[in-house]
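Quick setup: one chain, the form predicted on its own, written in structure tokens, and binding and motion questions come after.
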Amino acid sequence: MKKTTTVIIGAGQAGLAMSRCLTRRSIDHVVLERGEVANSWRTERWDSLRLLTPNWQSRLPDYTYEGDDPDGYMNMAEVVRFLDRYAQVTAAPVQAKTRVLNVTPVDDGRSGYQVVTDQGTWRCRTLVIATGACNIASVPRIAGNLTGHVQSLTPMQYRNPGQLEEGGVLVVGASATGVQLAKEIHESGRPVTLAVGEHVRAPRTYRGRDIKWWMDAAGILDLSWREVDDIGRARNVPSLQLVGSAERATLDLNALGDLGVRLAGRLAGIHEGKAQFSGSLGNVCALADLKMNRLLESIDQWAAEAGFDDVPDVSPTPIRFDATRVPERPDLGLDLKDNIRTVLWATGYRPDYSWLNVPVLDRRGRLRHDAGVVDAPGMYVLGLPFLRRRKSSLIDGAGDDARDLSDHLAGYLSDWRMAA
């Protein structure tokens, strides 16, 4: 059995950021990774995916983007190289191709944890879970009602339109993933219907700059979990309806409608080969428009107070966008047998804690934690949405969260040593 002070599980941006923070504190640790560094980026993303954040926003402790396209958006190969380089520069103690099979507490966690892997067993005083929030695609139960002739895929299985059957495609979900895949598949020549549920509309650029620049500069992305009335709700808000492209194009429902993508309401059921859609499409889109305009108003107010109305490369005039256009009578049903060969479930993801044999999960299988401090002695989690701040699920947010939680971890170790 090997021993170390801290075991970090996962060598993506969150795990590597925590590793760097622990190294700076001279806390010995190991990073266990089931594949290679940035494994999820390597193996569980579709071919054309790019980051939704500009390259300049890829900031980690003691490391930032060093390329010549700060306003561009990294593709998956570039993200892998970025994180690979970070692991090398920081000399992160990554043990690759090591799958964690079981984690159990020692003396209810007061004496640490035993981590069993397919490459041996570790004993540690503190444990950091950095496996991310996107381990398993969330697919609604109604998917089980699909008939055999319809291909069913998740974004973790999808790579490009070439793997799809010829014929119509129903994309379920209209957040960032859903709109990107609807556009790509439509451009391959396949008719696409997009089932639209709750979503967060946002322009790619606003008043001359990337929307993420405004959100960063105005402090919107740094909003703390302490400042939110309903943190449970905040942690389940869909991702912004954005796409990273060389054109910095806005990809909203209006843009998709102009391309010829057919819009329908939320998928409510599948019965006898027919899809049933909610009649609330208009209301859902109106709410998304309202929330977008509130975001833009907050940016305008900050810009005025900060003096940005006089900056040359920033438009001095607030901009408002056309309301989302929806059909006067949206379809409430679709015969899948005649019109659809593939259903793509862009309905979100969830973590996988099947290896965690510590009583820290609620009845829905979610970790009980207070802003990353798990409800178990010396256990922490990183990489979940709105963990400590609005940007927690971004590369940039992983670094700030790791700094905070490494402070707490170091304090925990200090208290333990004093009590020993």
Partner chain sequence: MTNVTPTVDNGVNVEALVGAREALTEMPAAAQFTWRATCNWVNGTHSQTSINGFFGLGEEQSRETTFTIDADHPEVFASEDKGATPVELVLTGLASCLTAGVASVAQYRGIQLRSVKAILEGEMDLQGILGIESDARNGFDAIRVTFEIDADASEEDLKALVAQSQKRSAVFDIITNPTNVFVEVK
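No experiment lies behind these values; they were computed from the predicted model shown. Residue numbers count along the first chain shown, from 1.
Form predicted together with its partner chain: not shown, discussed below.
Within 4.5 Å of its partner chain in the predicted bound form, a heavy atom is found for all three of Asp229, Gly279 and Asn293. Though its partner chain is absent from this view, in the predicted bound form it lies within 4.5 Å of a heavy atom of just one residue from Ala96, Ala234, Val311, Leu287, which is Leu287. For the residues Val200, Leu164, Ala137, Leu332, the 4.5 Å heavy atom test against its partner chain in the predicted bound form is passed only by Leu332. Using a 4.5 angstroms threshold between heavy atoms, Val80 stays clear of its partner chain in the predicted bound form. Contact check for Arg123: every heavy atom lies farther than 4.5 Å from its partner chain in the predicted bound form.
Taking non-hydrogen atoms only, Arg266 approaches its partner chain to within 4.5 angstroms in the predicted bound form. Although the partner is absent here, Asn283 is a contact residue: one of its heavy atoms lies within 4.5 angstroms of its partner chain in the predicted bound form.
Look at 271 to 279, 183 to 191, 153 to 161, 201 to 209: in the predicted bound form, residues with non-hydrogen atoms within 4.5 angstroms of its partner chain sit in 271 to 279. Shown here without its partner chain, the chain has only Arg363 in 352 to 383 lying with a heavy atom within 4.5 Å of that partner in the predicted bound form.
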